[in-house]
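First come two forms of one protein chain, each written alone as structure tokens, so that there is a structure 1 and a structure 2.
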Structure 1
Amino acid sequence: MTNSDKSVVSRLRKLIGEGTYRPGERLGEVAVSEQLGVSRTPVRLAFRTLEQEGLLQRAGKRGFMVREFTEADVLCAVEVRGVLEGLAARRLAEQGISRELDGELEVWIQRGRELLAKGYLEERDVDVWSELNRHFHQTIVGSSGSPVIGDAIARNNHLPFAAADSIVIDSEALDREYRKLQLAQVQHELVVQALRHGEGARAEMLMREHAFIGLRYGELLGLGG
């Protein structure tokens, strides 16, 4: 998926989260592509991605509709991911991380630092962050020594806004969104620090809190939601 395709996914995710496209509303490729000012191909790909994330569901042979979900559904799905990722981080800290794994985690830490180093956020940065964030989380879960945890997270990711890379960024408030990603970056670095020191309980707590950054931190930064 190209960066432009990811941008369409991000924009649609935001519109659904804001209620612009309401639960039960049918979405057509032509209408949405005209509204977003893009071709039908990235919209078609975005529909499939958002179906996998649980935001859309099939309506007939070719159409899609916005899935009905409540705020409580979203909160529970995010909390479940936090618990599962926290368990993965605790197991990883207790078993110890190899030099190779340490180096891989450091790659994503450095990419986060580089992204935020300029002191502000551009819309295209959202896709870069989403990608590095996905790799960071997958590296921890995939290295925990338990495929059961990964399988459980994969199932949970089919619920709305549950996946780690289901990020919603307000393009009209990029200054405050930048502050949110700064906090997320600090949390990534704290998690890696805890893993390096073998602090299982601390790593678990940090990952559980980190899951809420997209859902709760916006309130503190004047982003709403």
Structure 2
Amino acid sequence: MTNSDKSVVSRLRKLIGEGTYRPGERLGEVAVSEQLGVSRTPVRLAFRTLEQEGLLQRAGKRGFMVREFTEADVLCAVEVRGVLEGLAARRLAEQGISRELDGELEVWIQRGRELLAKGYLEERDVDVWSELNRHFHQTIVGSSGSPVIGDAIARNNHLPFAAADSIVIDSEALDREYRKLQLAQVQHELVVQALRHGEGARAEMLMREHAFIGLRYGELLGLGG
């Protein structure tokens, strides 16, 4: 997994994500290894990893095929992330947050405030938000007392569009995206508020709802403005 092994996995992830390998397509070890310019060995290893990640599935007795994802699957994966992050938030609220954790969360809240303070969104702000959003979620999940939740989320995030930082940003409509991020920021702040007050159920539900922001809020905000 030093060099080639890891890169074969991520290269295949990319190719599958981009649709170069179509959903349902059977992947032969030799064909893929030739296309990637490596031998069969790292490809075989990568197939096992990708199978576990859920991007490939066994095609009968003979090899693997690219797994097909319906819209319902994506929606479901987002909900799965929602309940898992909700669980993490609830546990955190119930056990109480430490002074350090409080401070760390405050950092990402502040960064978000600063980013949105100027009242509009620039192209490059998108990456900044993506980063701080990732840190915010990671901080909560990582502080839930066990790596188990984080692992489950990480595995779930391999599905396309399921990850928290895969908010589809439409660069053409930065004003709409600005309002979306504004809403996300409010949700972040509410979550932290609930965590500070030990409101487990509230923190959980806020986090669950927050998961949907990449999906349905687009329509909502599109209608509204």
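Throughout, rigid core stands for the largest set of C-alpha atoms superposing within 1.5 Å between the two forms. Just so you know, these numbers come straight off a predicted model, no measurement behind them. The first residue in the sequence of structure 1 is number 1, and each one after it adds one.
Of the two forms shown, the one predicted alone is structure 1, not structure 2. The two forms, fitted on the rigid core, differ between structures 1 and 2 by 2 Å or more at the CA of Gly63. A movement of the C-alpha atom of Leu206 falling short of 2 angstroms is seen between structures 1 and 2 when the two forms are aligned on their rigid core.
Rigid-body rotation of the smaller part against the larger part between structures 1 and 2 amounts to 52 degrees, from C-alpha fits. On rigid-core superposition between structures 1 and 2, the C-alpha of Leu36 is found to move 22.6 angstrom.
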